[in-house]
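Presented below, as structure tokens, is a lone chain in the form predicted alone.
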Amino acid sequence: MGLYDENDISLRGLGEVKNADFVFAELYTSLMLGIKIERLEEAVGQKVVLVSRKMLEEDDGNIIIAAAMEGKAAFLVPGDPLIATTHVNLRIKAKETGIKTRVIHGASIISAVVGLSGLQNYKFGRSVTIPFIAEGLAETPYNVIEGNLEAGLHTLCFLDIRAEKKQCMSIKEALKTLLAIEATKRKGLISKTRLVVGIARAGSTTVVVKAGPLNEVLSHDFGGPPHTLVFPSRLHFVEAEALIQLANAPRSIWELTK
């Protein structure tokens, strides 16, 4: 379904859904806050059945498998299927059951971050999710950022979602979480002068991209979710100029190209 609302689905995807006998969708891996099920149903001309995490993970997606045994079933997911939104187990089960499957690709936050920021795709390392601090102070995000920086690679940080509460972590919450981890690790990795890039509502007409020192991005008003965060490593000169021109970064980031 792409990044933001029902208008992001591709023409190929739209055609497949219109010709399906059963249509399912999930909105827990990304809330897609711009979408309305009623508008989605109107666009595809079909009744759309929302499925929960429990239906897909604990119940092994049996509701979709059963429908596919009777006819053509379309399963709509946010982003680009099987990339950041992973349901590979469902596809494997379909294959084992003798059900043919096909993936219709869409826009992903992974490629959107590259396009919006001007950072180069081949310079990204391992991605990581920053969980809500209430779930415990997990050090994995810190360790991933550290490892990528040591390798000269950028880090894309997905921000946690509580789908049942329709709650998305903000850039400010994510940075405060990392600062809390820094307070225990004391390696100087997450400092107030560290260059970060914040992106809000990728795919919408109100997208916001802001790059700068952590303390400046921390106080920036990004507006509503969803939010994404990037920790750049050493910059190519084109990346530096892109962040200055496209993300209002200070010219001092040219130091990171040396």
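Note that the structure is a prediction, hence the values are computed from the model and not measured. Quick note: we count residues from 1 along the sequence shown, nothing fancier.
FYI, the form predicted together with another copy of the chain isn't displayed, but the following is about it.
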S108: touches another copy of the chain in the predicted bound form, heavy atom cutoff 4.5 angstroms: yes
Non-hydrogen atom contact G118 with another copy of the chain in the predicted bound form at 4.5 angstroms: yes
is_contact(Q245, another copy of the chain) in the predicted bound form, heavy atom dist at most 4.5 Å: yes
Heavy atom of T205 within 4.5 Å of another copy of the chain in the predicted bound form: yes
Position in contact with another copy of the chain when the complex is considered in the predicted bound form, options K166, K95, K176, R186, heavy atoms within 4.5 Å: K95
Proximity to another copy of the chain in the predicted bound form, single hit among I130, V114, I181, I161 (heavy atom within 4.5 Å): V114
Three-residue site L11, V88 and R126 fully in contact with another copy of the chain in the predicted bound form at 4.5 Å by heavy atom: yes
Heavy atom within 4.5 Å of another copy of the chain in the predicted bound form - qualifying residues of 212-242: V238, E241, A242
